[in-house]
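Next up: the same protein chain in two forms, each one alone, written as structure tokens (structure 1, then structure 2).
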Structure 1
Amino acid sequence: MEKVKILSPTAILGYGFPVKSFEAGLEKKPDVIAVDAGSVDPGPYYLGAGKSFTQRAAVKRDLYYMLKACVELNIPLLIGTAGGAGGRVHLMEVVEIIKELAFENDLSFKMAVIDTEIDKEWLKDKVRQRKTKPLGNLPDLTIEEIEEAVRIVAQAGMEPFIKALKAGAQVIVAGRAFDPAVFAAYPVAHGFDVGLSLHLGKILECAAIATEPGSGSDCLMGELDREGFVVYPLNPERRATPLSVSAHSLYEKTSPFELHGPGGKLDLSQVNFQAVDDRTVRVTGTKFIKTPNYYLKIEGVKRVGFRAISIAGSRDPKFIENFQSIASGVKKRVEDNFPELAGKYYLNFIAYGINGVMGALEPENKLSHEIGIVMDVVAEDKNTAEQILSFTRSTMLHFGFPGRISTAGNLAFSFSPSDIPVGDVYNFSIHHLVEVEDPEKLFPIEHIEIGGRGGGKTY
């Protein structure tokens, strides 16, 4: 095998793609189709609540085309970070969709399901053995943080995918996975260079975002050989250029030169991006540098309470001018009114028009002619949150301030009801590295024979 062709249909499973682009990709006879299905970007809620930020029907629509294509062409389909956040519950939802599609379309294949949710006791042992370290400016991981976490996942590298491929799986679906891993696993399993495979994966993971004009819901093709790889879009309206592809290499990463992942880092300091034609770019020179010990990134969230919000606006210059003191005055009134709830709720105002977007980083201090206020309350339970919010809202509506001339009410509400229960709130509480001896063994793989209308069985 001198070349591997990898088709990336979409940036995230469920984001969609034009069928024409996908079919143009199939005409190129890909050796493998791979798709990343998740991200931490939408925030901690999805991992905590066990929900996906993509809609089931959208995921099913995308998977329909991919499954059919992989069965027809008899090639593997790899899916990483199933269900958006990659927990066991997320993974099982995607497995169910795949089974449904196989039944409805009478498709048969061998499927491997890779579970990447982390056992808390295993992780506690790692903490006791001092085998974890924090990322960013987080404190060291503690037993208490592990106990408080709702759900903890580890970002799988290529190893379990390669193991599943070697065991003969055609469709591989995994929980949380390093985004490029699903693209790199097949070529690495066939002896291609790890650095080039992962770099190609990094570009393919967001599909056509690396093209001009960029799009997260259109296909991108990658062709890897022994010395480098090319990428090109399948939609004639897009072009891959040295600038679009190199600019994408640094997207969402701390540094453009070192991209850290499971087991090591990509070194991009010697990389070369060259135009092959006006729509195709060739990349060479990427190196993979193994770390002496194998580290996996782990992610965990904890529940911090229940949120209720109210949204209002003000068009009164004096109210806007006095907003900071009004906000602290209202907070004080709430404290006075509910002394028994002291310390049991969080109350905050997000003031759009003042610093609602940038918060502490906001350098501007000129006043707007109108502002929008989000009253944000988080408490242990729904009742407490709604009680605090209701009092806060009515207090701010009629709060007195210097120069007040409009005595009927300070706020404009767009909605009735004005108070909105949002739901449970979570924080990212674990974002650490853990040292593992065997990255392949950590992730249990279940093999299932999917028999189309005949159903499925574990083998």
Structure 2
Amino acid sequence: MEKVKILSPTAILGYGFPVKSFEAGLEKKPDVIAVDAGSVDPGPYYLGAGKSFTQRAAVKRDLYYMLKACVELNIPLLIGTAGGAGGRVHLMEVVEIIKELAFENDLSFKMAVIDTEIDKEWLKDKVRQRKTKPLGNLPDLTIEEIEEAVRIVAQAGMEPFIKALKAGAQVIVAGRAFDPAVFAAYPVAHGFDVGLSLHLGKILECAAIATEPGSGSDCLMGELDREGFVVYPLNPERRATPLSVSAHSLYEKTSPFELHGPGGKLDLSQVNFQAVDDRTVRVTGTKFIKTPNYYLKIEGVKRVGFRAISIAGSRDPKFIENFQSIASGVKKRVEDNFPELAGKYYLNFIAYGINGVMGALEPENKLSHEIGIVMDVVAEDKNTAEQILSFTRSTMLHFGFPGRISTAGNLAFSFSPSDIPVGDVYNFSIHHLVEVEDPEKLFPIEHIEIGGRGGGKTY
């Protein structure tokens, strides 16, 4: 094999794609279909709550086309970070969807299920052995943080996918995984360069986002050879350019020349992006540098309370002009009214039109003619959160300020009821690296024979 063709249908499983683009990709006779199904971008809630941030029906729709294609073409399908966050509960939801589709469409194949949720006792031992270290400016991982965590996952690298491929699996679905790993596993298993394979995976992970105009809901094709790779969109309305592809190489990275991942890093300092035609880009020069020790990224969340919000607006120029002092005054009134709850709640105002996006970093001092206000309360329990929010909302509604004309109220509410219970709140409490001796051993693989309408069995 001198070339590998990889079809990336969509940026995240459930984001969708035009059927015509997907069919155009199938006409190129891909060797493998791969898709990343999640991210930490939507925040810690989904990992903690055990819920997917893409809807089940949308995931099933995307999988319908992918599963049928991989069976008809007799090629592998690799899925990483199942269910959006990659916990065991997320993984099993996607597994159940796959089983449903196999039964409904009489599809038969061998499936491997890779569990990436971490056992707390195993991780505690790693802390005691000083085999963990923080990412960024976080403190060292502690036994207490592990105990408080609701769910902990590790980002699997290529190795478990390669192991499952070599065992004969055609459909591989995994929990949390390093985004490029699902794309790089197949070519690396067939002897292709690790650096080029991972870099191609980095470009393919978000599908047509790496094109102009970019879209996470459209397909991208990658073709890898022994010296480099090319990428091109399947939709004639898009094109890959050196700018669009190189820009995506910078995506979600702290350095333009390095991309760290399980077991090593990509060296992009000598990479060349060259236009083959007006829709295709060729990439060469990527190198992979192994680290002396093999580290995996681990992610864990803990519950910190319950959130309730109220959304209001104002276009009173005097209210807007005095908003910061009004917000401070309302917070003081809440503190005075509920001294027994001191330290048991968090109250914040997000003012869109003033500094709702940038907060204290906002460089502009211009005031909008109208603002939107989100009153955000997090407390230990639902009743406390709603109690604080109700008092906050009513206090701001009637709070006095210099130049006030309206006595009926300061705020306009778009919704009734105005107070909205959001639900449990989670924080990322674990965002660390853990050293492992064997990159496969941590991730158990279950092999299942899917027999279409005839059922299946574990083997």
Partner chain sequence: MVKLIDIAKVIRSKNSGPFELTFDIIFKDKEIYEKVKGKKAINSELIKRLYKISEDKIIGIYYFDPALAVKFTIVRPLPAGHLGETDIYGAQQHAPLLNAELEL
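We call the rigid core the largest set of C-alpha positions that still match within 1.5 Å between the two forms. Numbering for residues begins at 1 and runs along the sequence of structure 1. All figures in this text were calculated on a predicted structure; none of them were measured in a lab.
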For the form predicted in complex with its partner chain, pick structure 1
| task | Answer yes if the Cα of Phe273 shifts by 2 angstroms or more between the two structures on a rigid-core superposition, and no otherwise. | result | no
Is the C-alpha displacement of Ala412 equal to or greater than 2 Å between the two structures once the rigid core has been superposed? yes
Look at Ser217 and decide if its Cα position differs by 2 Å or more between the two structures after superposing on the rigid core.
no
Rigid core fixed, the Cα of Pro402 shifts between the two structures, in Å, by 4.4
With the core held fixed, Asn337 moves its Cα between the two structures by a number of Å equal to 2.4
